[in-house]
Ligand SMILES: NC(=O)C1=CN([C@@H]2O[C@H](COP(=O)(O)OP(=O)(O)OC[C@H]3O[C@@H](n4cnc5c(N)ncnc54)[C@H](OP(=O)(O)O)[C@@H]3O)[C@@H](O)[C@H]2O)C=CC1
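The data below hold one chain only, encoded as structure tokens and taken in the form predicted alone.
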């Protein structure tokens, strides 16, 4: 059962609970890791420490191809996990500190938890434009989305700052409210695709869309929270698990009016002036414009959530602040592993793979970390999994299916590459990245049905020079051609 904490238990904080395996974090990486460990060691005690009241679990998993996978993310009460795996105990609390040399964790509710092997899957927190500003809201977890939905219902204009996945989804899904979208890049969505794909997608922002059913297709659970529940936004600790791939399903993101949205390709800087002018807050943009709005959504990325684990320990950190992990998901501290957004992959990667803090990689890393921990206990060798051979991600933006493969934006290729592009307005956008005549990346927007063929061509590294002129010819069945 879920470990509820009473006053008497808090007073007995000197008592140690020991587990063979402990995982910190109730998101996709942490829950996947726990499931792997509980399956491999049904008689071992496995502890999961999560700050959120609900865990995130993978549902409806589908292996689309060798490396592409699709799944839903469901919020579930921890009891569901414990009923499935009787050897799992869940503690709902944040971690206060880690004593890696003693193999001990201290939780915010006063518990001491010992471990033989630990996996840190604490995710990341929003990188807000400014701290302690009531008109700046970060969107990262379900609680913050609910706060956003509440504020949006009475808003006439909001400013969205950022150019990643959450920003892209927000500006498309919000209705009945003027959206000023401030981006610092030359094109929208440059995290996921190039300027050509951006131009293909922009008309979708202005297109009329049919009303969307606000009823979620999957089960959601709510609880009555007691105690200190921090307001999401500038004061949020970022303790909640990251949003899933279709997080906006089930949320009615509607403002107070029926107005337009617009994009501002300029980085926003905050200028708060609550007593001057008609708006509660103003944003000064680097293009010289000043925009008033009801509130600002800071969607400018995340930072690894490592603070609780660093003091008194000797973790090696990457430049992005993540815990450095090797090709066995091990950190620099003995018996401590990490997976998901909190870690940075610091092994020599495949020429066709790169880390991006996405839910697909969180699942893969959590699963592989569990396998590595099991292999270590059993003193068995283990090699880096095939999922790290080729970067592959499938998602949806502006109601278009989007598949990105390999070096889809020619990352790290310099000038030594060429691009092939095919675009049918309102239907599809296909871009292929070639180097030395071999396909090394691709972006597919729309129902192209090319993902498996292109994945195979990238993995096989076949010389496509003789076929280059016909590779994207819509009159040729490329799948049949290379079968």
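Numbering follows the first chain given and starts at 1. Everything numeric in this text was worked out from a predicted model, so none of it was measured.
One more form of this protein should be noted, the form predicted together with the ligand, which is absent from this view; the next part is about it.
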Check your understanding: Though only this chain appears here, would residue 191 touch the ligand in the predicted complex if you measure heavy atom gaps against 4.5 Å?
Key -> yes
Check your understanding: At the 4.5 Å heavy atom threshold, is residue 295 in contact with the ligand in the predicted complex?
Key -> no
Exercise for review: Flag residue 184 as yes or no: does it have a non-hydrogen atom within 4.5 angstroms of any non-hydrogen atom of the ligand in the predicted complex?
Suggested key: yes
Point to revise | Residue contact check: residue 167 to the ligand in the predicted complex, 4.5 Å heavy atom | key: yes
Review point. Would the ligand be touched by all three of 129, 302 and 358 in the predicted complex, meaning a heavy atom each within 4.5 Å?
Key: yes
Review point. Hey, of 405 to 413, 285 to 293, 380 to 388, 167 to 175, which bit sits against the ligand in the predicted complex at 4.5 Å between non-hydrogen atoms?
Key: 167 to 175
**Study point:** Proximity to the ligand in the predicted complex, single hit among 331, 163, 364, 89 (heavy atom within 4.5 Å)
**Key:** 163
**Study point:** Proximity to the ligand in the predicted complex, single hit among 313, 82, 395, 354 (heavy atom within 4.5 Å)
**Key:** 395
